[in-house]
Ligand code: GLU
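In structure tokens, the next block holds one chain alone, the form predicted on its own.
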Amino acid sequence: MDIPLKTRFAPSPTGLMHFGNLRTALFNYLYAHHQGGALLLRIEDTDTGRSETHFRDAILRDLQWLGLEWQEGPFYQSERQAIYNDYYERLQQAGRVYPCFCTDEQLAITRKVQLASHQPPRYPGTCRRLTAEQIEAKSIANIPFTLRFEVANQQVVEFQDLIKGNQRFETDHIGDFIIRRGDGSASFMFCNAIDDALMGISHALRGDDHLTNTPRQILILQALNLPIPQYGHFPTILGPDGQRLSKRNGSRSIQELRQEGFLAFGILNYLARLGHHDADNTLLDLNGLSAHFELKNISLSPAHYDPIQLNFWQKEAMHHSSWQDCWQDIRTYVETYVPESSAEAFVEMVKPNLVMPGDAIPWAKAIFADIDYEDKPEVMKVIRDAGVDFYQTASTILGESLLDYPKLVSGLQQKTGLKGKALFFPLRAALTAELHGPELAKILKLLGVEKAQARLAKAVKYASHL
């Protein structure tokens, strides 16, 4: 019988969600939806010393803002300790685990010696050799201990990675590993594997920083006769400097990006192509991104964060949004200038010139507030070069043609003999105090005849006296 396809996103609430976390969530979401499966959300919060409620809430808020809906969960590992205890007991009865009384200091010294000897750092099995009497004596003395999984020697763990292909690990290079912390809580290695099995996860897709965890988790599941998911590990994300992406080389949290004005669809379209090839380079919704997602298209090389590409997709998302959505994005930036009655016209004017919502601010001021040319030498030069006659003629034609922009342009061409930049630059300079920007026809419509003529009159003054 076929197992229903189910992926999962299992973040630890020890910090805000960033690009690495989000790409893992997105790839799992896209794969599940492409295959007609389900996405499960699990919060891995057994590390009580580092897990915080506000980080958990931030993760849920980010996922909801991005539209990454899960079909099962959220489940919280902090509420599942009794389940983990049951499986610890099963392993103890099977003789597959043992208490480890080694201190952090002892383990650190061992690792240092191994590295100095050019050996891979792994637990040497010190406490595996303790007798029952020695264990009892240490327990009576209340010496803290962890629980280690005993890894058999001279064996091989082999699995077919969905992205990287065949993977082979020798158990002699793994060593016995901790599955229960000294405080009794479950380690990531253990509860992550147990929950994948019990929650019916068929495909565990994650970053390749977890690749060496996989043989350990397979050993746990084999020892407990629990189902083993198919694993897939995609390469990590590097910063522009070639180092692992972090705050130091440009990474920001999703919360920070949202506060800066980045749009959800722009972020999703960028990340869906970060380390994943998609021949369609158009802005897609989640259904479109899911339809194009294939594990075979994930690169085997590390992905490189590119802020230019992020801004490209931000711009695409901004330009393809409806005027209502765009207004909601820019409203807080411009509502002190733009009347509600002019919102639609303003958005239609400014949207092609936006990358970030804050980019609308200077245009809100240019249309609805007073403008000044004096602090803009380039604008002043254009106005002076155009001269008084140009602006007086423009004002006369504007009064006759009202807001008919084609008539204004054709009239100016006939009267002045100017065309192209020689005509449009002086006109734009007078109306907006800028030399580039939105379409003049839309600007004129928003300004209205009275305000436009007032600005042309102002240009006449500057052209004649300055």
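Here the structure is a predicted model, which means the values were calculated and not measured. Numbers for residues come from their place in the sequence shown, where the first is 1.
In what follows, reference is made to the form predicted in complex with this ligand, a form of this protein that is not presented.
Student: Tell me, yes or no, whether Gln314 is in contact with this ligand in the model of the complex, where a contact means a heavy atom of each within 4.5 Å.
Tutor: No, Gln314 stays farther than 4.5 Å from this ligand in the model of the complex.
Student: I'd like to know whether Ala452 contacts this ligand in the model of the complex, with contact meaning heavy atoms within 4.5 angstroms.
Tutor: Judged by the heavy-atom cut-off of 4.5 Å, Ala452 is well away from this ligand in the model of the complex.
Student: In the model of the complex, does Arg206 come within 4.5 Å of this ligand, counting heavy atoms only?
Tutor: Yes, Arg206 sits close enough to this ligand in the model of the complex that at least one of its heavy atoms falls within 4.5 Å.
Student: Is there a heavy atom of His304 no more than 4.5 Å from a heavy atom of this ligand in the model of the complex?
Tutor: Flag for His304 set to no.
Student: Please name which of the stretches 261-269, 291-299, 186-194, 123-131 has residues with heavy atoms lying within 4.5 Å of this ligand in the model of the complex.
Tutor: The contacting stretch is 186-194.
Student: So this ligand isn't shown here. In the model of the complex, which residue out of Arg273, His210, Arg80, Lys351 has a non-hydrogen atom within 4.5 Å of it?
Tutor: Residue within 4.5 Å of the partner: His210.
Student: Between Leu456, Ala10, Ile443, Leu22, only one gets a heavy atom within 4.5 angstroms of this ligand in the model of the complex; which residue is that?
Tutor: The option sitting close enough to the partner is Ala10.
Student: Considering only 42-69, what residues come within 4.5 Å of this ligand in the model of the complex, judged by heavy atoms?
Tutor: Contacts from 42-69: just Glu44.
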